[in-house]
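What follows is one chain in structure tokens, specifically the form predicted on its own.
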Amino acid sequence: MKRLAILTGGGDAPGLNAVIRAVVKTAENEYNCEVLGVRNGFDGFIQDGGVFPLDSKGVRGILPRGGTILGAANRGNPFALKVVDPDGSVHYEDTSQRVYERIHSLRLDALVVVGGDGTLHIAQELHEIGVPVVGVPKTIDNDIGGTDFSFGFDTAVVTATEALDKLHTTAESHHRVMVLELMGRDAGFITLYAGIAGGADVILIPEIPFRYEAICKKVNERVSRGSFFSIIAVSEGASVQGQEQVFLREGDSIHQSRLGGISHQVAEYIARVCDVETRVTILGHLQRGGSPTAFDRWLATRLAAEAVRAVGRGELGCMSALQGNKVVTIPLSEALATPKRVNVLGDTVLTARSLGISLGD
């Protein structure tokens, strides 16, 4: 093993820099192997100066930093690259062959792709046309199959929990219902974990469609017991039973639609039907930012080191994963076959119900 390259794709997440650092240090210390950094996801392979040498000196001090020193492009799909024409119109080009040729010219033993579901799907497609790839799972949503946790998730949960803690004080002081909207398109892990940790009274997640009547029942029950405030944690992808998710912007053949608005609908209903003053907070991209927690630094480092060792063993087309207390490798195809979702019959959901938390159903 002589040369690796690493890129970070998709949305940013706390712990990306820890992965970059661990890949470089493991490659150098264990294999005396050169590492190249790729700027702005897959786009870097077709951009001037998009690929550059990366060594231990270049990753010094980045372990506690959020974001990624390589940059990311969550619209950087080489199979459908967005191109803006001189007249302002937009079209999409398949640049995968150019990316393939660039990677081949660099004589890489492997490309380490750090990303979520979308980025890893692109990595799998590139692997199928001959690119040597190994993946590292990254997503604050924790929705990648085959791994118990992905780095970035723990930091997002901590941020969401701190927000719930702060909302408790003002909710209790003013006798209000506070609705906190959290990220989670199709998987409600952040909302469920933070909701339990932050003492939410109602938790609404995509996996369990809710009824407005159930929410109001919980709010009214609390009022009848002398608790004149309630905390509601809502995933952006939560939906009413029998209805579609709420979107701010429709998608197209290339881009996903943008979720948003369900928290305001919940708040409006509660204020109108329960006659309780209600406020909405949308945490948004705060969940992606900041220094990674110790757990995310630890997990990112372990996953990255295993990815490099996998290349050393000749394993390609795979992804490092945390299963129990062990870091292992699994085929990318296996990891991407079934997206991970909250088990509605699992112990975490059962624990929430045991605590008297309403899940809106």
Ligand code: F6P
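So that there is no doubt, residue numbering starts at 1 and follows the sequence shown. From a predicted model like this one, the values you see are computed outputs, not experimental measurements.
Not pictured, yet referred to below: the form predicted together with the ligand.
Heavy atoms within 4.5 Å of the ligand in the predicted complex map, among the stretches 138-146, 271-279, 227-235, 105-113, onto 138-146 alone. Of the candidates N74, N220, T95, Q124, N74 is the one whose heavy atoms come within 4.5 Å of the ligand in the predicted complex; the others do not. Among the residues R211, R258, H175, K166, the one placing a heavy atom within 4.5 Å of the ligand in the predicted complex is R258. When the ligand is considered in the predicted complex, H285 lines it closely, a heavy atom lying within 4.5 Å. Though the partner is left out of this view, G195 does not reach within 4.5 Å of the ligand in the predicted complex, counting heavy atoms only. In the predicted complex, at least one heavy atom of R185 sits within 4.5 Å of a heavy atom of the ligand.
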